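Below you will find one chain, with nothing else, as structure tokens; this is the form predicted on its own, and questions on how it binds or moves follow later.
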Amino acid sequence: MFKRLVNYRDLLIVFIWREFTIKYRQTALGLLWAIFQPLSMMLLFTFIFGIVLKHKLSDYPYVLFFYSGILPWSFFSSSVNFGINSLVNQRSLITKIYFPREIIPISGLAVSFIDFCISFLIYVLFLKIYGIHFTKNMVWFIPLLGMLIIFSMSISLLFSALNVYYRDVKLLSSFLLQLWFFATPIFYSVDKVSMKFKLILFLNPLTFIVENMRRVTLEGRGVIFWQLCFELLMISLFYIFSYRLFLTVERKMADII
């Protein structure tokens, strides 16, 4: 992918800027929307579980517990939602000129990453407010974020390619993302789940990523290295599969789309 995109890096930057301006054009709050979405979900979960149900989920404040799960999920879901229809929406451009088609879904992922960085600053602020001390184990957040980006990109490439042939993918993906949300430990902890279901949940790479992002920031614990290697292998193999499928579809994309 790097070899294909390096000669089109200027076009990639143009696409990222274009999608960024389209997303926030004529909005009153602008970039504040990047903060509003995860913050509103966090407040909603805090109200339901902390005030209505009064259910204790962890030893940490609800604000930190929920926000640490919503932060990576928001990046993943927004990247995938953009990627699904991204190629179809650019059919007029795809049928006229050639350029690496992965530029289109990747540009949406880049905009979601900008939103993630803005929301992450709020997370850092919350950590300071609640007196969470920064430790050397927080460095693990960087490879975990890298895994999140690769996995989100893989899903976006896969769904966008399939949607060129089968428009049902758009409808199916909405249902899958809803299931994916509940299969990811956003408003619950894996530690509270029985071992039988815990093994099933860890088939979802987001479970490992979200749970360990929460642990390295809130608990100051490191990542178990063999688990990291195993999940990284799974994500890498899935990326290879998704990208090869995308390249296969790309050859006939202009005729089919």
Partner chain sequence: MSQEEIIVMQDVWKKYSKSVRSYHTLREDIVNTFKKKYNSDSLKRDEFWVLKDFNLNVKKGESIGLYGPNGCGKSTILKLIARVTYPDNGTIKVNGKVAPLIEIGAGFHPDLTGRENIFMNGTILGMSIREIKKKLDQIIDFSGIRDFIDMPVKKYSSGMYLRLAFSVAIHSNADIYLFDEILAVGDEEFRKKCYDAIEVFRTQKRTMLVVSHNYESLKKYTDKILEFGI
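Numbering follows the first chain given and starts at 1. Model, not experiment: these values are computed from the prediction.
Another form exists, predicted in complex with the partner chain; not displayed. Remarks below refer to it.
Against the partner chain in the predicted bound form, would residue 175 count as a contact residue? Criterion: heavy atoms within 4.5 Å.
The answer is no: residue 175 has no heavy atom within 4.5 Å of the partner chain.
Given that the partner is absent here, does residue 93 sit within 4.5 Å of the partner chain in the predicted bound form, heavy atoms only?
Residue 93: contacts the partner chain in the predicted bound form.
Considering non-hydrogen atoms and a 4.5 Å limit, does the partner chain approach residue 111 in the predicted bound form?
Because no heavy atom of residue 111 falls inside 4.5 Å of the partner chain in the predicted bound form, the answer is no.
Would you check, heavy atoms only and a 4.5 Å threshold, whether residue 162 touches the partner chain in the predicted bound form?
Yes.
Assess the spot marked by 15, 21 and 244: is the partner chain within 4.5 Å of a heavy atom from every one of these residues in the predicted bound form?
Every residue of the candidate spot has a heavy atom within 4.5 Å of the partner chain in the predicted bound form.
Partner-contacting position among 98, 130, 134, 182 - heavy atom within 4.5 Å of the partner chain in the predicted bound form:
When the partner chain is considered in the predicted bound form, the option within 4.5 Å is 98.
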